[in-house]
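Presented below, as structure tokens, is a lone chain in the form predicted on its own.
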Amino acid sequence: MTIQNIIFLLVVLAGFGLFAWQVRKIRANISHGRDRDMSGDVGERLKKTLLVAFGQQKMFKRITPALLHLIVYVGFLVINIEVIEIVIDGLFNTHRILGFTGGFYNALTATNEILSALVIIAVAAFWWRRNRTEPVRRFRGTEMRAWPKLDANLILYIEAALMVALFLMNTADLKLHQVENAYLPGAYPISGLLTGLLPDNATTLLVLERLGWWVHIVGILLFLNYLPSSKHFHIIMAFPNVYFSRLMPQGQFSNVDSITHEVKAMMDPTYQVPTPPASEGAEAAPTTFGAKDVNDLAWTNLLHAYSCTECGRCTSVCPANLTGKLLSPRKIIMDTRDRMEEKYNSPLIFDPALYGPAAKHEPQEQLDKENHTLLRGYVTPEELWACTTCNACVEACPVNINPLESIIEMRRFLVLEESAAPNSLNVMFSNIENNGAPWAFSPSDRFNWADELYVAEK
């Protein structure tokens, strides 16, 4: 094993080790959420994962970004095969180890080159859509602070740089073999057009090939460790998020079991309230109704926060947001992630949630650090009550994130723990309790509207 192999081994171990350390912290953050049984329905969940996560099914509601995203997505999948070859070559001092596969390798390298060129074009189009004088509306918003904007551009720059390094490696390698009259396995339709740009000196070509090779693989490892700090982490988390997405009809709301039992007992005196499960000798700690902070949300809601692409499709179809109200479903998800990393682990090399003065949150009702919670510390009641529960945001999300669940849980806390519902809702609750209907009329007057009708009998 040469010095270069040893250095490469240390670089790979450091890259994957640091990534594993960050993923472990993210997993710990998600595990702070309330337990929710998501077992069962394996077949249906796998089908949904294949269609929505692997098949990009929901992306194709908008054809232009869908095609651009598809190029980057397929390029990511195919180029990963090439990364396997680079790792093997780096560890065992080989060169293009997969070349023995002949025709398959020709197809693989040619596909890689074509996709890499298309990725550069797609990245340029994405950059233009975000940074032109009038960017696409869904890329704007109060939650798109300094870091989310910079993060989106950094991802594009890194992807373009990785593709340029790949072409430098291939072109220099191809030209070097041409100069030495040697055979290079593979087909290189793009690099073959670029060889005229490089010198004919063999030593210089070898240096350029090694430079491209190292920049490409080290860049991939650095990018891998950048992901947990970035919205681009969705390229990993989207798959478990889709698998564990809810299967019940979107309009169906969850009930609080204890309240359901109480209502049933009130309406039917013979109803037997189930005995709560024993907690191994100790009394179960009382739980709050709804969610005040991130640990009151289900772990699937916290998983959503790490799966968000910040694409803004949810906010762009939100009727409340479109009519100028404060609610932005994307902000609810981004706030959840920021609060989670503020309260528990920041699995990141740096803290992007606090990047730049414009990124700092302005708590509306924050009294001190102990009272700094997701509700009111990040999300205001005004945002929550603006929601129409139409499920448009849920339907629009390309990775099945459900902002409505978090909104409903925080509303539930406001109503059941703080009695802080808007006055109009309190009036409705009082009418339901006293009159059995949302209106302020006695049950005995319900048929007064029929007094003027001509009927023989009532």
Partner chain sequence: MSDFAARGEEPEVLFWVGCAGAFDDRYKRVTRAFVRILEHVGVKYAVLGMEETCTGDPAKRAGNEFLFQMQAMQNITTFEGYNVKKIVTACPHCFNTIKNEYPALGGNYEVIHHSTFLQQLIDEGRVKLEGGEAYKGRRITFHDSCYLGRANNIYEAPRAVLEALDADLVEMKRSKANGLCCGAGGAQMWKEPEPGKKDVNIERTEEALATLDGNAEALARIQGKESGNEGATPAPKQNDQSSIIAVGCPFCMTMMADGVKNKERESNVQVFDLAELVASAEGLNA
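These numbers come from a predicted model, not from an experiment. Numbering follows the first chain given and starts at 1. Just so we're on the same page, rigid core means the largest C-alpha set that superposes within 1.5 Å between forms.
Below: the form predicted in complex with its partner chain, not depicted.
*Asks:* Might G55 be said to contact its partner chain in the predicted bound form, defining contact as any heavy atom within 4.5 Å?
*Replies:* Result no; G55 lies far from its partner chain in the predicted bound form.
*Asks:* Hey, in the predicted bound form, is A386 touching its partner chain, heavy atoms inside 4.5 Å?
*Replies:* Answer yes; at least one heavy atom of A386 falls within 4.5 Å of its partner chain in the predicted bound form.
*Asks:* Taking any heavy atom pair closer than or equal to 4.5 Å as contact, tell me whether K264 reaches its partner chain in the predicted bound form.
*Replies:* The answer is yes: K264 has a heavy atom within 4.5 Å of its partner chain.
*Asks:* Are any of the heavy atoms in R411 no more than 4.5 Å from a heavy atom of its partner chain in the predicted bound form?
*Replies:* Because a heavy atom of R411 falls inside 4.5 Å of its partner chain in the predicted bound form, the answer is yes.
*Asks:* Out of the stretches listed (66 to 74, 45 to 53, 429 to 437, 22 to 30), which one is close to its partner chain in the predicted bound form, meaning heavy atoms within 4.5 Å?
*Replies:* Result for this chain: 429 to 437.
*Asks:* Just one of V83, A124, I259, A146 has a heavy atom within 4.5 Å of its partner chain in the predicted bound form. Which one?
*Replies:* Only one listed residue qualifies here, and that residue is I259.
*Asks:* Just one of K292, R96, K325, K343 has a heavy atom within 4.5 angstroms of its partner chain in the predicted bound form, so which one?
*Replies:* Comparing distances to its partner chain in the predicted bound form, the residue within 4.5 Å is K325.
*Asks:* For 232 to 252: residues with a non-hydrogen atom within 4.5 angstroms of its partner chain in the predicted bound form?
*Replies:* Heavy-atom contacts to its partner chain in the predicted bound form: P249, Q250, G251, Q252.
*Asks:* With both forms fitted on the core, check whether the Cα of D268 differs by 2 Å or more between the shown form and the other one.
*Replies:* Yes.
*Asks:* Using a rigid core alignment, state whether the CA of W21 is displaced by 2 Å or more between the shown form and the other one.
*Replies:* After core superposition, the displacement of the W21 C-alpha between the shown form and the other one stays below 2 Å, so no.
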